[in-house]
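Consider the single chain below, provided in structure tokens and representing the form predicted alone.
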């Protein structure tokens, strides 16, 4: 099992609120900008897409790759972050 980043730990430790999309693990400035340009400016908007895709890892990874060009590691980090957040708060 891979270790999680401090960014991941910080994100899943509390309610999402109005956090920027760039607060998500795996999403840095470049990917965040691309997501913002497509209307995904807040973490909760990406969470909405995650839930629309029924928390399916393959579908979410494909969506993230197609939407902002996330690589495999970034896709996995973001998926893991949202999954763990959902497990804790939903």
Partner chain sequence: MSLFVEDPAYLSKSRLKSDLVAHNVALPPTKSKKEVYVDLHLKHIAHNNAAEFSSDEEDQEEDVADKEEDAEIPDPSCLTDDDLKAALLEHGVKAGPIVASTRALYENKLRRLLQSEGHGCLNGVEKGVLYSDSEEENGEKEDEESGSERAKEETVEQSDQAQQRSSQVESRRSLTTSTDSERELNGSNVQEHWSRSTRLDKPIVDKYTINNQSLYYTPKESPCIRDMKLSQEPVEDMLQEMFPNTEATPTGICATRRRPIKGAAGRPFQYAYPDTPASPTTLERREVERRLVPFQIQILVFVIVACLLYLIYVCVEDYSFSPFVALLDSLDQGSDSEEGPLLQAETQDTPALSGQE
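Note that the structure is predicted; figures quoted are calculated from it, not measured. Numbering follows the first chain given and starts at 1.
Omitted here: the form predicted in complex with its partner chain. The next part is about that form.
The single contact residue among 25, 12, 70, 21, judged by any heavy atom lying within 4.5 Å of its partner chain in the predicted bound form, is 12. Taking the partner from the other structure, its partner chain in the predicted bound form has no heavy atom within 4.5 Å of any heavy atom of residue 37. In the predicted bound form, at least one heavy atom of residue 52 sits within 4.5 Å of a heavy atom of its partner chain. In the predicted bound form, its partner chain sits within 4.5 Å of a heavy atom belonging to residue 59. A residue is said to contact a partner when one of its heavy atoms sits within 4.5 Å of a partner heavy atom; residue 44 fails this definition for its partner chain in the predicted bound form, lying far away.
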